[in-house]
Structure formats: C-alpha cells, structure tokens
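Read the single chain below, which is given as structure tokens and is the form predicted alone.
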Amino acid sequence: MDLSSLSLAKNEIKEELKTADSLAAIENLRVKFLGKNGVLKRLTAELASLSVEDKKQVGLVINEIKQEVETGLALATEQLSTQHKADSLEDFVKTLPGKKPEIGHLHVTTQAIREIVEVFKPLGFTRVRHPEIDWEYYAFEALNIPATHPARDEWETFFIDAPVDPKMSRQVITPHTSNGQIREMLKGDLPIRMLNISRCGRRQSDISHNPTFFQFEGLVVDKGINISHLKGVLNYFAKNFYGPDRQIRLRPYDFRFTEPSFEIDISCGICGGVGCKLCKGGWLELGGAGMVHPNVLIAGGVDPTQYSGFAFGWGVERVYMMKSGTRIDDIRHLLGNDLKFLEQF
C-alpha cells in the first residue's frame, strides 16, 4: 500500500459522498468506509506490513481520510434531514383538510328592509330612493314645518357645514324620509304609491333611538283617498309583517305635514302587551301617519281640490324590533357590531 493508492481511495470516497441522495445511501457509505469490514479498517490492518517510517506517513493520511469521511457523512446527513423535514412539512400541509371560508349573511336591518318591501308590493307600492342629505326646504319648509318648529333646532337635527342656498336654505342629514314626498310629487307622475327607504339622522340615543337609523316612507296620492284607505294599509302591513295576533292602535297627534295626523302603536312583542322596560305600558310607537296636508300637496305641485293622499313614516329597526320572536330590547344592539348578536338573525 502506498500514498498514491490512498489518494485514489480518498477521491473515490468524495465522489460517492456527492452522489448520496438519501439517508439510507449515507448509512450504506458509513458502513462501507467506517464499518468493521470497511475500507478504512482494511487500510489500517495493512499498516502492519509497512516499515516504521511508512507507518507514520500512511497512518496520518488514513486518519485524515477518516476525518473527512466522518465530516462528509455528518454534513450530508444534516442536509438531507433538513430537506426531508421540509418536504414532509410541504406534503403534510398539502394534505390538511381545507379551511372553509366564513360565509356571512345580510345584516338584520337589510333583511328587515327587504321583507318590508315584499309586504307592500302586492298593494302596488314601488320602492324609490331620495337624498339622505337634503336641503331644509325639502326636509322642512315644503312639508309645512316653519322655521320656529322645534324639529329645526340644532339640538334635534344634524346640519351640514356647507354654503347656504338662498332658496333652499341649509343642508341637513334628513331627520325623516318625508323629503321624498315632495320630490316624488314634483315628478308629476300621478297616481303615486311610493315606498321611500333611506338612512336618517337625529340627535337621540337610548334603548329605542339611534342617532342614525333607517326609515320607510309610504305615500299614496290619488283621487278619492281617505282615512279608511290609510287604516286598511296599516292593518294589512301589521297582520302580514307581525302576524294575526298582533294589534295596532291609532292615536290622534299633531304633525305639520298631515291633517288629521296619528301616531301608530303596536302591542309589544317583548312582553306581549303587559309592559316592560322597552314599551313601558304594553304598546310601542312605530311612527306617524295621516292624510297629506293640502299645503304639502301644493308644494309638490298637486292640486288638493282634485287629489288627496295619505303618508306614513316608520323606523325600520324599531319596526323589526317588535317582530314576534326577535326579542330585541335595545335598538342600539343593531349597530353594535357584536357578531354573537348579529349571527342570531
């Protein structure tokens, strides 16, 4: 055995380490070169036949080869183990069951709006949209509400910081959907069966009021319209939306844009009419209604000697709160963004 043969053995070992592509192949190389009957064991056994001087030189080379083999095997093992873990993780992730995306649903207010629209469709009501930010003229003046009326106070209505129009006055966040009455009549298309649903704003906040809310405005203008038509429509809605066991009542009231005017109450769906923290006395106010005031008809370009009409405006959220089975005792929950609450509907 000479140094040249050892050099060939060293090169052979390096090449075989390069081609090892699995942990099993590396283990085979370890046995081949470092095992009991491995190459290095045989080379070491041949040292006995060499002279003392040759033993020193050849022994040093064999030790170098052994160290290189051990280092090469360790490095190859680490690289393949890391790659194996990465491959295994990739395979594992690929086989995980898919995570289903969370599917939401319509907000309860949107559900209520759609249901209200469907109830009124058989009566010929058509849904329309009118501005949610409008001029004072449409929100108050044309509705027979004078400048001195409390509703036009800044403690009641949200006014927009914008230039004032000499004819239309200031801009407001509409406190009701009644501005749609004037705009609809000014189209000049008679008769009218309008359902205007829009967002409104008022400076009120308690268990039955939100500063922002949705309202639906019904308007009928035709020849020969009277209070019996109004009451018939309201009864129809109550029975179809709330169920045959719920009752409504009309209370005389004073609205500037209707004459005569009424407040519409419905028996409480929370307590069944006994009285609770929401209704106080068994009834809950849904909104106002009445026969359209002649001055409002005139502002809308309609001749009050030829036509008459009725109107009603109710809050969507409040109307839905009183639906049997909902048991919502605080209107503020509807805008609270609490998924535990909203997912119930």
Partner chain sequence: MNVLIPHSWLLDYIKTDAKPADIANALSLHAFSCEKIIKSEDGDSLFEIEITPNRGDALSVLGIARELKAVLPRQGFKAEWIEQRALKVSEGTTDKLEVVITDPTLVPRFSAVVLDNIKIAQSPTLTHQRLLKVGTRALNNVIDVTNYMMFDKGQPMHAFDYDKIGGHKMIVRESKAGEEVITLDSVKRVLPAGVIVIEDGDGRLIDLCGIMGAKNSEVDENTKKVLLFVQEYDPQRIRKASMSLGHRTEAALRFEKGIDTAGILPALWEAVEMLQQTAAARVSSPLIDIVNVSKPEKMVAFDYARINYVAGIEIDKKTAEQSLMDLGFVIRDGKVLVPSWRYDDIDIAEDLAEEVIRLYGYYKLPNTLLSTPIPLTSASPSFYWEDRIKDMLKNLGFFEIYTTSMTTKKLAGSDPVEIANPLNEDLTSLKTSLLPQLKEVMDKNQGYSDKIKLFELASTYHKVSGTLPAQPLRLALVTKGLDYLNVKGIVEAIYAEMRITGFSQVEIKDYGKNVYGVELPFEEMVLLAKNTGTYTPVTHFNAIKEDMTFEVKGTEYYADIILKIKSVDSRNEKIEFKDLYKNALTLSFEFLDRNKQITSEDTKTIRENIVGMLAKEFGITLKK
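Just so it is clear, the model here is predicted, and its values are computed rather than measured. So that the term is clear: the rigid core is the largest set of C-alpha atoms that superpose within 1.5 Å between two forms. Positions refer to the first chain, counted from 1.
There is another form of this protein, the form predicted in complex with its partner chain, and it is not shown here; the text below is about that form.
Proximity to its partner chain in the predicted bound form, defined as a heavy atom within 4.5 Å, holds among 97, 244, 188, 150 only for 150. Interface residue remark: residue 19 is not counted as part of the site for its partner chain in the predicted bound form, having no heavy atom within 4.5 Å. By the criterion of a heavy atom within 4.5 Å, residue 335 is counted among the residues contacting its partner chain in the predicted bound form. By the criterion of a heavy atom within 4.5 Å, residue 32 is excluded from the residues contacting its partner chain in the predicted bound form. Looking at residue 312, you'd find every heavy atom of it more than 4.5 angstroms from its partner chain in the predicted bound form. Heavy atoms within 4.5 Å of its partner chain in the predicted bound form belong, among the stretches 290-298, 58-66, 22-30, 37-45, to residues of 290-298. Looking at 237-265, the residues that come within 4.5 Å of its partner chain in the predicted bound form, counting any heavy atom, are 249, 250, 251, 252, 253, 254, 259, 260, 261, 262. Relative to the superposed core, residue 103 shifts its CA atom by 2 Å or more between this form and the one not shown. Residue displacement note: residue 225 has its CA displaced by under 2 Å between this form and the one not shown (rigid core superposed). Remark: with the core as the superposition reference, the CA shift of residue 247 between this form and the one not shown reaches 2 Å or more. Relative to the shown form, the Cα atoms of residue 235 and residue 280 move together by 3 Å or more in the predicted bound form.
Closer approach of the C-alpha atoms of residue 280 and residue 236, by 3 angstroms or more, is seen in the predicted bound form than in the present form.
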